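As a starting point, one isolated chain is supplied in structure tokens, in the form predicted alone.
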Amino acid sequence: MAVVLAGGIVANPDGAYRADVRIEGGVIAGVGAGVAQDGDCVSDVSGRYLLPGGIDAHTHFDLPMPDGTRTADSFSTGTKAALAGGTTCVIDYATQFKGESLRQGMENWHRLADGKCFCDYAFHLAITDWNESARGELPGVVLSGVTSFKMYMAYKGSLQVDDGVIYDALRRVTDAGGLLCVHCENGDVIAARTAELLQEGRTGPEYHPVSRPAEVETEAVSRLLAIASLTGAPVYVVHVSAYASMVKIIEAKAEGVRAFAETCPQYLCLDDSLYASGRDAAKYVCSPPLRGRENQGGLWASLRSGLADVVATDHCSFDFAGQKDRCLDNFSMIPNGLPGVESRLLLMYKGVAEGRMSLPAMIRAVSGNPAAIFGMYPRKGALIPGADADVVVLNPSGRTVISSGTQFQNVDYTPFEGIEVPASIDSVYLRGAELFRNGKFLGDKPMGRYVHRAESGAPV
């Protein structure tokens, strides 16, 4: 029996319009007027927006740390929180650690995720040990549906790779049919500044942003774009925090560089004044750090105009008690990362309600573009016939106050505590099955499937 969501406003990457949505066999069977057939179950969603399920293209679930601890959210808790927040697919960063093959890195992440996810999931693969064996494995990894990779220009001594490696990897990954994502911060300068600050006794969490100011990001972005220009390869810049960095990407695009830009809700909605909050400053230790409020207008404008491509979360959750608060006397040891997978869609809708961007621009950033760039469109990313029936029913007359006390994320705080959003999520459908309604899950069985991705494409 088909289900028809009738009377709502469909919000797609190309516009928002009154239409009914018919769901049958897990896919969108029809969009428009009069799509209902005899025997269909019709649900009245008048006054609601029907959104394509969100795609969070940047998460870190069940990530092991060098000290033996792990992130607070496993794939089970993280994907459950994602679904509750209107995200029906995540792309998590699997990691090949030093001494491992690419195949071992992928197998490790499949063991962590398979059979445990409440929303659909896919993987990028972060490469930290670039060698001839890894080069040879690239085509096989791409054939397995992992068509994007990651390298770090930061975290000297552990994850950081040098420019020659990035130059070689950009060419090799592109030749294999993949896309390279890059964390852009100057790791050498950060290491030097960190050592200076610690030696001077400036060790508290408030000095974390001092150790890695916007200049180290913008310089690394410029360097990456120059390398990408030399190779002719596409490149995806993760978690852009500073507007000056976004300008460099926009300028490079105008010059013909195939560059994609991702930013995050924390850089759009929070600012560096939070580092003056005493012990609580540790909650906001992430890399890149939060920036001055003056950055936010430019980042929002870049999204509004379509010059920035994706809003993802970089969800990497650590409890404040017992994890982040253990190293308050040495900011360099505080686990880096913020939770946010549950809040992203509502925070972006808040931007729509405040006139910062249009609803279609929001849909492009949270769903359509990540689907297209990472090889899942048109299966995901839009409510169109033949697509997976991943649907979020959003009530623009509702109200949501973000709070750690009501979240599904398995972490003891949220950086967005107390932010009020003039909307609420009524229902979330994953491949046609309604799994979440009015704040409650309709079952306890993980229904997420692994998504085998195609090669990257152009933004929608």
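All residue numbers are counted from 1 along the displayed sequence. Keep in mind it's a predicted model, so treat the numbers as computed, not measured.
Heads up, the form predicted together with a small molecule isn't pictured, but that's what we're talking about next.
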Non-hydrogen atom within 4.5 angstroms of the small molecule in the model of the complex for each of 49, 432 and 437 = no
Flag residue 336 as yes or no: does it have a non-hydrogen atom within 4.5 angstroms of any non-hydrogen atom of the small molecule in the model of the complex?
-> yes
Heavy atom of residue 116 within 4.5 Å of the small molecule in the model of the complex = no
Should residue 186 be classed as touching the small molecule in the model of the complex when contacts are defined as heavy atoms within 4.5 Å?
-> no
At the 4.5 Å heavy atom threshold, is residue 150 in contact with the small molecule in the model of the complex?
-> yes
Candidate from 379, 350, 326, 239 lying within 4.5 Å of the small molecule in the model of the complex - any heavy atom = 239
Answer with one of 342, 314, 120, 73: the residue that has a non-hydrogen atom within 4.5 Å of the small molecule in the model of the complex.
-> 314
In the model of the complex, which of 302-310, 285-293, 381-389, 122-130 comes within 4.5 Å of the small molecule (heavy atoms)?
-> 285-293
